[in-house]
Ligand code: NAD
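We begin with a single chain expressed as structure tokens, specifically the form predicted on its own.
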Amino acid sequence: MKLLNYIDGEMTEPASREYIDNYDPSTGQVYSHIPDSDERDVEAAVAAAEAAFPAWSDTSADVRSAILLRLAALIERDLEKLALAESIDQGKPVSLARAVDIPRAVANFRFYATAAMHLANESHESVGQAAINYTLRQPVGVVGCISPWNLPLYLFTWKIAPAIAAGCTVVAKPSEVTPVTAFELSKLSIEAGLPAGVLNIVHGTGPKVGSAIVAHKNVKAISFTGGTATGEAIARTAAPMFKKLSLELGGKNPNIIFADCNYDEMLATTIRSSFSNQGEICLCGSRIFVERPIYQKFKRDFSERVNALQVGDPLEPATDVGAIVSRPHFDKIMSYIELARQEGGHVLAGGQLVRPDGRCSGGWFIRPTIIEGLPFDCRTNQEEIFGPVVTIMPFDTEEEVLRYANSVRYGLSATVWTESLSRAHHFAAELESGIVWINCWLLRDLRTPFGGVKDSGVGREGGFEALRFFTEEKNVCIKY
């Protein structure tokens, strides 16, 4: 399969006529080729977006809404096809893509299709001055949307949908590791009747395509999700150009479990929050802190449940944990497991690669791993691993576990399990985190702001926060 760019409403080959191998992580074999695009393709995409912007920004919200709703319906129509493509491309179980990834892409378009109809402006009457002030929110222009490989269509659409709904035109880059569903979205955009140039999708690597989008003088805003190091590089380029920036970066999230929790619900959810999508979700709780009275019970029960997880072919219905997305990422995760051993950690479960029988014998699989016996401030507990690896350790006091939880450079999400209302509110206030889940995990309402603090990013996505990000505010004062 050969993928193409989507520029000015048409499927196009890259200017270089060169292609990059794309691997099926479950087999380790090349199964498609993606455009090896460069600044020439980005230039063409930006030009198309610039040409489309005047008409699209003047298009009424109800017309934009209707197009986005058609696109949502087409994604829903092709749910099985897209779920299979996502599973093959990323390595996740097809059951997960079918239940979460593709339905969320549908929800993203539907939410912003309707939200665009309700974005309101403020007005302020200046009593005694015979004046009224009102605020205009106008689309910022051409924007760049760069998404990661872990939730490919899910996060790609979460950026594109609000940008288009707000009246912006988009130059988007999906991850070169997981490009297929973005390619399929190109075809669905044409079918939905999205005007040429409103959405442009340029495939390729970060150094060639991502950097060119960020550095282009006519791209007015950048929305990026990915690693903190890449976010730092984007900020170094974009900040001196005074571009608007939304950076959703890494996480090293604590999962804090008190003895008064609903134990059964906590245990079942902690399995998911640790190992869903092979642990390749920025919100996974990779540091598990358990109050000492229930630590031994939790360690026994958690290890038993984790050892029972089925690792293997992502296309099999019984699979719980699929393949790691790429060979370099597989090697990175395995290096951290070895580091944990060197730092004095004891592997309670997993810690080794898996070689499934049959077609997946050459794929990249790691058994879900639990490690204990590490200090809270060691590298394994401080650095983002982004794989099926968690650490567990006991704690005695609230002050102690807050110190552990807040010790990292990241601050994306945190989970707290307790039946104490006062403790829940106390931890929600004291945790250095953009998102705090109490007695749940990944329970998302699309109206709420999403993002992190510290090295986990800048700005917020989701809800009206995203629509506002893609607009410029203008105050108008009229004396009467």
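Since we're looking at a predicted model, the values are computed, not measured. Numbers for residues come from their place in the sequence shown, where the first is 1.
There is also a form predicted together with nicotinamide-adenine-dinucleotide (NAD); it is not shown, and the following applies to it.
**Student:** Looking at 201-209, 316-324, 298-306, 160-168, which lies within 4.5 angstroms of nicotinamide-adenine-dinucleotide (NAD) in the predicted bound form, counting heavy atoms?
**Tutor:** In the other structure, the partner sits against 201-209.
**Student:** Quick one: of 427, 56, 437, 450, which gets a non-hydrogen atom within 4.5 angstroms of nicotinamide-adenine-dinucleotide (NAD) in the predicted bound form?
**Tutor:** Contact with nicotinamide-adenine-dinucleotide (NAD) in the predicted bound form is made by 450 alone.
**Student:** Consider the chain as shown here, without its partner, and state which of 282, 408, 96, 72 has a heavy atom within 4.5 Å of nicotinamide-adenine-dinucleotide (NAD) in the predicted bound form.
**Tutor:** Going through each option in turn, the one that passes is 282.
**Student:** Taking heavy atoms only, is residue 273 within 4.5 angstroms of nicotinamide-adenine-dinucleotide (NAD) in the predicted bound form?
**Tutor:** No - in the predicted bound form, heavy atoms of residue 273 and nicotinamide-adenine-dinucleotide (NAD) never come within 4.5 Å of each other.
**Student:** Evaluate residue 330 for contact with nicotinamide-adenine-dinucleotide (NAD) in the predicted bound form, applying a 4.5 angstroms cut-off between non-hydrogen atoms, and reply yes or no.
**Tutor:** Flag for residue 330 set to no.
**Student:** Please determine whether residue 224 contacts nicotinamide-adenine-dinucleotide (NAD) in the predicted bound form, using a 4.5 Å cut-off between heavy atoms.
**Tutor:** Taking the distances in the predicted bound form, the answer for residue 224 is yes, it comes within 4.5 Å of nicotinamide-adenine-dinucleotide (NAD).
**Student:** With a cut-off of 4.5 Å between heavy atoms, is residue 286 one of the residues that contacts nicotinamide-adenine-dinucleotide (NAD) in the predicted bound form?
**Tutor:** Output for residue 286 is no: heavy atoms all beyond 4.5 Å of nicotinamide-adenine-dinucleotide (NAD).
**Student:** Go through 368-394 residue by residue and record those having a heavy atom within 4.5 Å of nicotinamide-adenine-dinucleotide (NAD) in the predicted bound form; state none if no residue qualifies.
**Tutor:** Heavy-atom contacts within 4.5 Å come from 384, 386.
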